[in-house]
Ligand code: ATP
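Listed next as structure tokens is one chain, alone, in the form predicted alone.
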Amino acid sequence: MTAAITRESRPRILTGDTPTGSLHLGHWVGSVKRRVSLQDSHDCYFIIANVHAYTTRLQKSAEIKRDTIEIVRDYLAMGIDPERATIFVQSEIPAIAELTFLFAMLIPFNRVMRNPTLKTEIELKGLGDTYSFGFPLYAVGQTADILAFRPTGVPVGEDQVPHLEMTREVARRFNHIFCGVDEHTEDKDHVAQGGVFPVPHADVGEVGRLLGVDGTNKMSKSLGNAIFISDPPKEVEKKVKKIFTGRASATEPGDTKNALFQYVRTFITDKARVAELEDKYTRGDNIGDGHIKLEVAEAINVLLAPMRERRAAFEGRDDLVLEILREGTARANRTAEATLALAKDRMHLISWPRSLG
């Protein structure tokens, strides 16, 4: 009881992932590393947004279930502790679906379609005009994923900040219409002025956008340019060797703004060595891309070694993973139901207490 009270008295964060496969280094540096560091100072909720996966993978439901379990394994491998954080599955939180419908009344359709992240996904996935109505609706659903837990912060990658801005708009609008909060109130003061929802801020990781090994695009499973948390050492080395720089020789001055040096600065922890590599590369001081790639691969494998060990403990143990999800989801439901009750009360909806036992 004491631990629960202590956890709930902390500032709250919420973030999560859509199950599209195993997590990769882009997830780690963009958000998960930050989540791990916040577990002892914040009340942490981490959502597996499995319903959102159906917007583009409707006919692959068995894969979505598999990927949901795999993401939890990756969370545990990377250091998320279910004793210190709440890991839960979206589809078992009915309050999220109800809030999605209610929040849809607060956002003009044109505003949803102007979301730059949504537009980018439509282009990258080649959806044209064939996407379901559920695809743009998921942008509204993300606001419910977040606000159902009334967090003050949301650790995200750089590309997710536009989605969060819509959430902030919904929080402000709800608080203004239904709670009487003045529309000029500063974001940090909304709850103090009687608002149901905090206006959450984006907490972007130290590397907002990690390039993939193609050297051009953001790291992504769908683009085939990702280094996964579960990759064995040799596979990491193989992938790092693919990083394209366009440099011809070890004596040619290089531009350290390329993808390879983003990896150098991100994964080599000895900052003096990073500075030395940058200096030699810039001057073309007989240091080839191949040598640097070996150092980068070694640094990444040092990072991943304890993750691989932790992950191995849960391989083939779906029962343990599902039990962690079940317990986390039960706690998440208690929080989300309390939020929904507050929202319904302020909206003057007729409702009664319910149990999700």
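Don't overthink the numbering: it's just position in the shown sequence, from 1. Since the structure is predicted, the reported quantities are computational estimates derived from the model, not experimental observations.
The same protein also has a form predicted together with the ligand, omitted here; what follows describes it.
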### Query
Exactly one stretch in 210-218, 171-179, 245-253, 128-136 has heavy atoms within 4.5 Å of the ligand in the model of the complex; which is it?
210-218
### Query
Between the options Leu260, Met166, Val156, Ile229, which residue brings a heavy atom to within 4.5 Å of the ligand in the model of the complex?
Val156
### Task
State the residue from Thr120, Gln193, Thr282, Ser222 whose non-hydrogen atoms include one within 4.5 Å of the ligand in the model of the complex.
Ser222
### Query
Applying a 4.5 Å heavy atom distance criterion, does Thr18 contact the ligand in the model of the complex?
yes
### Query
Does the ligand come within 4.5 Å of any heavy atom of Arg12 in the model of the complex?
no
#### Entry: Contact test in the model of the complex: Gly328 vs the ligand, heavy atoms, 4.5 Å
no
### Message
Residue-level contact is defined here as any heavy atom of the residue lying within 4.5 Å of the ligand in the model of the complex; does Gln160 satisfy this criterion?
### Response
yes
